[in-house]
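Same protein, same chain, two forms; see structure 1 and structure 2 below, as structure tokens.
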Structure 1
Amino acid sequence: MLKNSKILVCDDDETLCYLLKEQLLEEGYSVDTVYDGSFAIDAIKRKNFDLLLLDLNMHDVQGEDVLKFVKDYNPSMQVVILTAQSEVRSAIECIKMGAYDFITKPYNFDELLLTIDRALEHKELIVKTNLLADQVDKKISTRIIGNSRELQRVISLANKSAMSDSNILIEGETGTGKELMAEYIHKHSSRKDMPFVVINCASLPDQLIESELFGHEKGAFTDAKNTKQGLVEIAHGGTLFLDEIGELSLALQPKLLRFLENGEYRRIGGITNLTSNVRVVGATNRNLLEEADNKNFRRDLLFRLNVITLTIPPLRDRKEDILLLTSHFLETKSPIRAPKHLSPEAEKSLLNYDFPGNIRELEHIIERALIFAENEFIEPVDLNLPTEVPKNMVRKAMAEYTEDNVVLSMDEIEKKYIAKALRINDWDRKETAKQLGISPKTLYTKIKKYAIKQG
């Protein structure tokens, strides 16, 4: 691969150019030669070379000027300086200006070859790194799509709150974009160059959450082989996103409260109080005021958190956003360059659908449709929307959940229903969550909450 690389040789010594070209061609490189700096610049404008072998002293335009041009015009192109023993000093100057290396004339071809190979590898690395950086940039560009008045109102509130340093609570059903909003707030705050750290309070058992959040000292518990920094420490100066904060246990809530009050915390097993400066953004799909009434969530913690509350409306309450989001996903999720389109019928069925899983569900529907649609237009069948449940099935289901005319509570029904869905899917949680239109995390939380056991 490196052997196909395109090399430009620029030296006013025509014999040297000729000889070098022959040698390099033999090694499998593609080689052009020019005898002056001005021609080198012309050549570089016309063709994308990987590497330039550059003499310093030429008649017209000097090597250093060519180097300057290259670093400006095509920075990933590598430059190796060919120099006489007497000019080593200028060669070193060139390296400071961005040349990869220099070789003194008369050159040793093996040595030159080695330098060329290394320079080309270096170039490949640079190109790859730039590519990755681009991808990362794209990934973290937090664009919140949606023109509906309902969403725009939340965004404008988010913009205002981003500037403040208050804690924020983001409410919304599953998949409405709570995490995206939290990231958006972080990126628009003065903390944007510091870390944005995420922890999901529902995903781990109590002790692990505590050690994730606040860290632990060596030997604090059996598995604590080393001291570990907590996420509050890692997020110092930045934003800490506490996802599904409603799931935080009553045992941990006072510790978080204390941290919110004065930035103080203690590692597990630690004896000193540490402090860290983070802004906390919490997210929940529960009604925390109700949870507080039911004594599942401390009221004082809630009031520390919801200095500002942002409520993201479900997709079914802002239907104007559906097609906009659809185009966005058609573009970003398309594996090929030419994105597919929705047929008018498919548009209609999306507009009529309720999206219990909100934007995440729409995202999955489109991802899937892009794979399955055979033509340029996506048809309703490609969307594979869950159909409305026929009336007699509802009656059957109702019968199942009302025993001898005793009505079960919603919680009991939910528990039974989730257990059944898990059974049907052989406990494949991902698939079950998808069918239920909730996130795997939410499913996990509910399994925990209702203590649903396999088998």
Structure 2
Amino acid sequence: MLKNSKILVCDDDETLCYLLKEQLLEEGYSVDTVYDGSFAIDAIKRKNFDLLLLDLNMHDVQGEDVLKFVKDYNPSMQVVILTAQSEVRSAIECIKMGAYDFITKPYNFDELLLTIDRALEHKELIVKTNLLADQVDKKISTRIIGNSRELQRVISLANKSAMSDSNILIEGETGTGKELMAEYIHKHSSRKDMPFVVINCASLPDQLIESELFGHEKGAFTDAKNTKQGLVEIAHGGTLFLDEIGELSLALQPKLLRFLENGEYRRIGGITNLTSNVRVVGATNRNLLEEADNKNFRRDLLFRLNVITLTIPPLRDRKEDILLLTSHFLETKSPIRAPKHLSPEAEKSLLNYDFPGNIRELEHIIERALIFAENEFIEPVDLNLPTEVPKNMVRKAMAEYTEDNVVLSMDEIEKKYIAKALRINDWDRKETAKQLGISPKTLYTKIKKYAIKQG
């Protein structure tokens, strides 16, 4: 039960109104009663109720007319119809008009109380969804930043994809902006006025992810004290974004596959098949084809998910966007009205850096520089970029690893040289970084980039 919820009871049976009010007051609700539809409309105009218990047959203004007024005047207000058994058909028509549910008279109070609780939870979710939509509008009111040919190609594909209703898989390294691209697709689709709901598949254990996705019934497990709607239900009509979908366990993948195939799902502990109409957008920094080959990801789920695949290029492959993004972060992250600027040397440093953490790393670098730069212009020292392996060492490695008929790439040479240095130092990273003249953070980044493994 949501505390301090305000309920209006509208029924021409004064005895029933009195009993209902007493019962609901004992449950902790705030309750008003009226005996005709015209009085209900007046009361709703005066007070912001959360829920209306509404009889259909009244002397003056009928229940259907009150319902129409509520849906126009306060759409988030929930309406539960109180009806006689003979009026069930009319009650069903009211649900089509926007009523949450109906209860037949004589009512079972426990059943009525459960319906009230669910209706109030539904109202709360509607409010949260509206707030989320406002946040999304603010967050993606500006375009995706970048003029590079690689990024513009992806944006063009995203615009075409948004017009369809097919599931989408967004690939890209960590920090490239996969969630922003998913939001962009949603905002440019026919579902733009419906919820955009996000879940990170790597952030929760299996049971919690299943509960978040599909919901659970009261008593389904130890802490399930109330029935909970899943995100697939909340996202109905909109877009469900599954971030880091490659981290989803093999136990949950069949359930997601079933949902993708026919929109059906079951809450944990439930026995009823529910349906929801959502567009699913997944994102991953893994190669899911390789994961499928290694039996870590279901191939049928992959094919159901990647009807359309968009690959966001890493920042190092679109260097012309670096300064555009930097200008954006200088403006949005600046704590003062007049943002600082990059010196020519700082611009050169950024353009020469590979950004293994992509746009997210650039954002953090600029945010830190704005804090610590003492002058109007940000200098290279303020950026605090990890240094590269010294060029003289690269030349030495090049001479060592270049044969008469074989020329290795600079990356291959750097990888071999770092691997050799790690072996010489028995994988003492601190000592290895010191000998190479780079920071331990840079060494760690290189080890990850080249997938250098001990032994």
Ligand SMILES: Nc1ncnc2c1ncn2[C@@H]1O[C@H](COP(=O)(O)OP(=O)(O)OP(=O)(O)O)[C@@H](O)[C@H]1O
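What we label the rigid core is the largest C-alpha set whose atoms superpose within 1.5 Å from one form to the other. Small disclaimer: the values here were computed from a predicted structure and weren't measured. Here, a residue number simply tells you its place in the sequence of structure 1, counted from 1.
- Shown as structure 1 is the form predicted in complex with this ligand, with the alternative form given as structure 2.
- Relative to the superposed core, I95 undergoes a C-alpha shift of no less than 2 Å between structures 1 and 2.
- Once both forms are fitted on their core, the CA shift for L169 between structures 1 and 2 remains under 2 Å.
- Here S86 counts as shifted, since its C-alpha moves by at least 2 Å between structures 1 and 2 after the core is aligned.
- The two forms line up on their rigid core, and G28 then has its Cα shifted by 42.7 Å between structures 1 and 2.
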